[in-house]
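Heads up, the chain below is alone and in the form predicted on its own; it's given as structure tokens.
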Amino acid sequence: MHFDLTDDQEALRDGIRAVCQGRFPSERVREGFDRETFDALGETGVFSLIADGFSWADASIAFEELGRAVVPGPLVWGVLAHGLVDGVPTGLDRPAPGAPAMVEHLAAAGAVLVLDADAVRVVPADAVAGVALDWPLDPLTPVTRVTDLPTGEVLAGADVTRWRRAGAVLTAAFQVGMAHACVEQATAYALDRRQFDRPVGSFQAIKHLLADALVRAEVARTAVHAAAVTLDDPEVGDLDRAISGAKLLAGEAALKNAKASVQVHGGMGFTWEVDAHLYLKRAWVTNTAFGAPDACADRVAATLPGGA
């Protein structure tokens, strides 16, 4: 089995990459998410890929490109809720009743999708009460701590298990895109920055950092492609194991590669002007979405021989 992209998938990848380069350069990304961003992505068909007959494998390729550009917004929810709710959707995963709830991009949203233990519920965004955090971890991902969350109505046509699985795959694909972008940005800087009349990329320590980062990104990409293919055709393997493993590896790749990029950039890596910190902060945020690392590791371990 191999995961080479088809001609159509390469065209999809190149098309989404061109859109991101044209509409979402770093300067635009730093302005944050708004309805204009949502509409622009909607025009490209990103949110309607599944409804338009594309596979989850295709959608994961598109989300790699969104991650490469670290495009802000509740993008995964836009795919999951396409055609089911009006306006910008955001959401939260709360399998246990009464668990603390944090919602991203609430001010821009028209509806909040709540993943309960056995159903997807929809709540009008203006019916959700909460306190916006003054200093969210990612400055481009505003977060509201919910103080009052109405029960809402069960969303017809939404399978909560399917949503959780698809959300994990798309989030992992976004993380893979970030992981590869961090490698490319760090490599470009290492070849440009000179010390002792040599590019710093010629130093062995930097070479090792970049080589390790590339391996992490490629391993994670393969795992995500495998998980997406399995989501399209569950008969090919253990679906939950594939998805949990992919989310675990992609989250690790995004986080470690962002840290490596900051390190390669040296003192510049800690400044606001360099994009490295945007990837690091988004990696922390996405690592908690649709499966935290510990939960994913436990699910993978449970599928191994002798696993509980």
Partner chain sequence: MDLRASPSDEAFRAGLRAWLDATLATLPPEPARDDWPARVAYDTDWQKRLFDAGYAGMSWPREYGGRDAPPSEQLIFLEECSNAKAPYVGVNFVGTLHAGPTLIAEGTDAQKAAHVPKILRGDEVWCQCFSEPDAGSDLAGLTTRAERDGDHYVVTGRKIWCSFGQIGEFGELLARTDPTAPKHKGISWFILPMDLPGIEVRPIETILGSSEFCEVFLDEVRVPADCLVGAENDGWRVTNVTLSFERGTAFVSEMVDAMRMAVELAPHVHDPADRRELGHVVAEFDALWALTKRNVSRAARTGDTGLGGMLMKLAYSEARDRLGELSMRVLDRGVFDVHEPFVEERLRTLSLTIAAGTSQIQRNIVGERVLGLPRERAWPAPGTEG
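Residue numbers count along the first chain shown, from 1. Worth saying up front: this structure is predicted, and the values here are computed from it rather than measured.
From this point on, the text means the form predicted together with the partner chain, which you will not see here.
Of the candidates 80, 92, 183, 123, 92 is the one whose heavy atoms come within 4.5 Å of the partner chain in the model of the complex; the others do not. Note on contacts: among 117, 156, 129, 133, the single residue with a heavy atom within 4.5 Å of the partner chain in the model of the complex is 133. In plain terms, the part of the chain that comes close to the partner chain in the model of the complex, with a heavy atom within 4.5 Å, is 100-108 out of 214-222, 100-108, 166-174, 234-242.
Taking the partner from elsewhere, residue 51 is found to have every heavy atom lying beyond 4.5 Å of the partner chain in the model of the complex. Residue 294 belongs to the set of residues with a heavy atom inside 4.5 Å of the partner chain in the model of the complex. In the model of the complex, none of the heavy atoms of residue 188 sits within 4.5 Å of a heavy atom of the partner chain. The closest heavy atom approach of residue 263 to the partner chain in the model of the complex falls within 4.5 Å. Contacts between stretch 203-218 and the partner chain, counted in the model of the complex as any heavy atom lying within 4.5 Å, involve 203, 204, 205, 206, 209, listed in sequence order.
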